Structures are given as C-alpha cells and as structure tokens.
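Quick heads-up: it's one chain on its own, the form predicted on its own, in structure tokens.
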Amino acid sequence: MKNKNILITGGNSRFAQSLKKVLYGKNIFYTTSKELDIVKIDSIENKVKKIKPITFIHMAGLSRPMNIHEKNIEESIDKNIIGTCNVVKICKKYDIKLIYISTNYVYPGKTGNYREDDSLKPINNYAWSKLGGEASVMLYKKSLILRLAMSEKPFVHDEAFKDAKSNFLYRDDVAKIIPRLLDYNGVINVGSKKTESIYNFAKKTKPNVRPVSVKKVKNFPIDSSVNIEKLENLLNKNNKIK
C-alpha cells in the first residue's frame, strides 16, 4: 500500500478509531464531514482531485441511534443512500476502487448463517438505508461491499437480547481484517466463528448487562448471523501467499 493513496470517509466515526490503529501512514487520508460532505458531490470530487486515491473506503453515514432512521427518513436517505450514490459516481468517474462498509442487517434476520448470495430483505429502516447504498455500489464492478456483524468492546448497552442471535466480531478485530481485503471485489461477510445469543456475547465484556426479550422492541432480527466461509478462504489464501 506504500505510495498508493487511500481516501476514507467517516474519519471521526467509532470504527475509524479502530481502523486508524492498523491502517495509517502518509498515504492514508481520513476525512471528516467538514472536509468531505458526501451529500454534496462537488465536495467529494474536490477531495478526490486533491488526494488522487486509488482506493476509496466509504464509512461515513448515519447509524445510531437506530430509531433515527424511523423518525427522520430524510436524513437517513440523504446520508446513507444519496451520499453513497454520490461516492459511487465519483469513483466511477475517476476509476477508483470503492470499498463500502455495510451491515449484516441487510439479510432477513430470521434463520441466520446467511451467505453473500442469499436473498436480502431488511427488517428495519437502518438496514434498508444501508441496502439502498449497496444498490448503487453494486452497479460499479470495481467495488467491494463488506457486510459487517460488528460490535463494540465492551458492550455498550445496559440490556441485551436473550432470544436474538448473531456472530458479532469486535470492532478492533474487524479493523485488522480490512487491510487484507482491499484487493478483492464483490461482497464479503465479516463476523466471528461463533453464533450465540446477544446476551451471552454481551456478558463477556459487560457482566452486569440485563437480559431482555427481543419482543420488547420492533423490527430487530432474531438471527442475523452470517456465514464467513468466503472470508476465511480469502484470509487463508493470503496467508499462503505470504
């Protein structure tokens, strides 16, 4: 990656704080919304002209609180759908490799162990907004979509679902994987090898977390776990090359 510029949006995000630990250098440019406003296509183009990246990692968008996507669909559409469409247009115009950070919640969330080519049907507006971004990225073949089953360490909430499952991978661990996937195109699921209740996962880093039923909330997936065979095969291939 030396001397190959990489431009990254969402430089102040929680995930960026983890990625900065493993992906850094004079050729790595993290940008904030003040430096690069994805809703304004001219802002993206101006930064691209200045940095001249060969890779564009798009992490900026609207995430938490998740119910904001129900209350303010305009902002959700602007930042997660239109903003991503703008990024795709500029990457296409300047022939830049695009990596889009998406979520495992784009799957239906009923049966789990979802493969990359399984049907997609989000259960909430947040996931729909991310899938809306994916739709534009899919049109551009020089791209990679990463569907992350990711959580923070320690678990950030006071309650965790005892009857909903996933195979979360900690944010710092996901960050370590990203640099090893930069050359791939298509769609890759990223998660851990273990599927378990969110409550059991949460207890590992927050022992006093309270168990609650997923029935307490609307539109949350029962099993959002993803199949990571493709990821493991690619990482093993990388190890053999080295």
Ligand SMILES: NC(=O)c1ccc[n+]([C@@H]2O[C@H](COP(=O)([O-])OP(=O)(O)OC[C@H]3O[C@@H](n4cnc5c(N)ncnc54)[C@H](OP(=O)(O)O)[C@@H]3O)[C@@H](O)[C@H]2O)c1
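Heads up: residue numbers just count along the shown sequence, starting at 1. Nothing here was measured: the structure is a model prediction, and the numbers come from that model.
Heads up, the form predicted together with the ligand isn't pictured, but that's what we're talking about next.
- Though the ligand is absent from this view, in the model of the complex it lies within 4.5 Å of a heavy atom of just one residue from Ser33, Asn46, Asn27, Thr205, which is Ser33.
- This chain lacks the partner; the member of Asn167, Ser143, Thr103, Asn86 within 4.5 angstroms of the ligand in the model of the complex by a non-hydrogen atom is Thr103.
- Considering the ligand in the model of the complex, the lone stretch of 88-96, 126-134, 158-166, 108-116 in range is 126-134 [heavy atom distance within 4.5 Å].
- Although the partner is absent here, Pro221 sits far enough away that none of its heavy atoms falls within 4.5 Å of the ligand in the model of the complex.
- Not displayed here, the ligand is approached by Ile38 to within 4.5 Å at the level of heavy atoms in the model of the complex.
- The shortest heavy atom separation between Met150 and the ligand in the model of the complex is within 4.5 Å.
- Of the heavy atoms in Ser225, none are within 4.5 Å of the ligand in the model of the complex.
- Heavy atoms closer than or equal to 4.5 Å to the ligand in the model of the complex belong, across 51-65, to the residues Met59, Ala60, Gly61, Ser63, Arg64, ordered by sequence position.
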